[in-house]
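First, one chain by itself in structure tokens, the form predicted on its own.
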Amino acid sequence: MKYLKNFYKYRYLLYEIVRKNIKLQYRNSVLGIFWTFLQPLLTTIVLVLVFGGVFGSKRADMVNFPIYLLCGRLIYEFFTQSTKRAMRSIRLSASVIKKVYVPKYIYPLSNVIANFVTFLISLTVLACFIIYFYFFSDKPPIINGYIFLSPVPILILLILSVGVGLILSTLEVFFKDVEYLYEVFCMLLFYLTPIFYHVDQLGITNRFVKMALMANPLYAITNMFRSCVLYGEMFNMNHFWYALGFSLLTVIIGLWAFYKKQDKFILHI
């Protein structure tokens, strides 16, 4: 209750920091927030040109490869960008932390939320893809009532990003090498997450290797999201419970580590 009251007390500060982070993200850009639409559009076009002939046409049940790819790309991009910014948030706010008391969790949390806002805006690109291919494609997405369940995997993704962001922001204060190691991990995660391929297309016969790929929580979240917006079906409940449980556990670990070490931040930043 003490922490909840403290969070409620600083809710307006959280709002202002989120708004500031969104403005700073495009401060020196000519196109400004238009990049939120243009970036996923251009990267999706490039990935479709590169991987479309290999992975897009070799699977009979692939409903629509551009939408399939864009769903995975948006989820991966939000997760990596939000956690990277949360990881650096304490160090980048060192001058403020040393002068004014502000609950330190505000910094990683505000960075995740700011990225979440831009992620929601970028979903309009996905909506445009769905509308276009629904009317002008021989393999249109299946649109029905299940599309209203799409916020479920998105909210689980937000919870996961907050948890990982808290863990990384804590580690980065004491071990700056975490920042470089996480860059390598994100590159590995790009290939471990089925963004442009389906696991069955890899021809993996060893079920333990396949299970290791499926243990990635982004695998479950991405498949849930695609089920709602692309295939028009109920998402796999095993994926739901696994992703939700993993995300909540990550938040619990992140909060525990952050509150245990936050008083020592001032000595290392």
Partner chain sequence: MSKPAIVVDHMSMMFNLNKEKVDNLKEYFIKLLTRRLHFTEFWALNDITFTVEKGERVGVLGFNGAGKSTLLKVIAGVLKPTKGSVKVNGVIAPMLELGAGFDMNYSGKENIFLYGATMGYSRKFIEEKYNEIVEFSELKDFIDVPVKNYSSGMRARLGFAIATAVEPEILILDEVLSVGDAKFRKKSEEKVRSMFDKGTTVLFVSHSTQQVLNICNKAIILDHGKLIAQGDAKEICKLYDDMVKGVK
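Note that this is a predicted model, so its numbers are computed, not measured. Positions refer to the first chain, counted from 1.
The form predicted in complex with its partner chain is left out here; the points below concern that form.
Taking heavy atoms and a 4.5 Å cut-off, does L4 contact its partner chain in the model of the complex?
Output for L4 is no: heavy atoms all beyond 4.5 Å of its partner chain.
My question is simply whether L181 lines the interface with its partner chain in the model of the complex - judged by any non-hydrogen atom within 4.5 Å.
L181: contacts its partner chain in the model of the complex.
May I ask you to state whether F136 is within 4.5 Å of its partner chain in the model of the complex, using heavy atom distances?
No, F136 sits far enough from its partner chain in the model of the complex that none of its heavy atoms falls within 4.5 Å.
In the model of the complex, does Y15 come within 4.5 Å of its partner chain, counting heavy atoms only?
Although its partner chain is absent here, Y15 would touch it in the model of the complex, with heavy atoms inside 4.5 Å.
Among 113-121, 168-176, 82-90, 147-155, the region lying within 4.5 Å of its partner chain in the model of the complex by heavy atom distance:
Of the options, only 168-176 has residues within 4.5 Å of the partner.
Is it the case in the model of the complex that S95, Y101 and L267 each bring at least one heavy atom within 4.5 Å of its partner chain?
Checking in the model of the complex: S95, Y101 and L267 are all within 4.5 Å of its partner chain.
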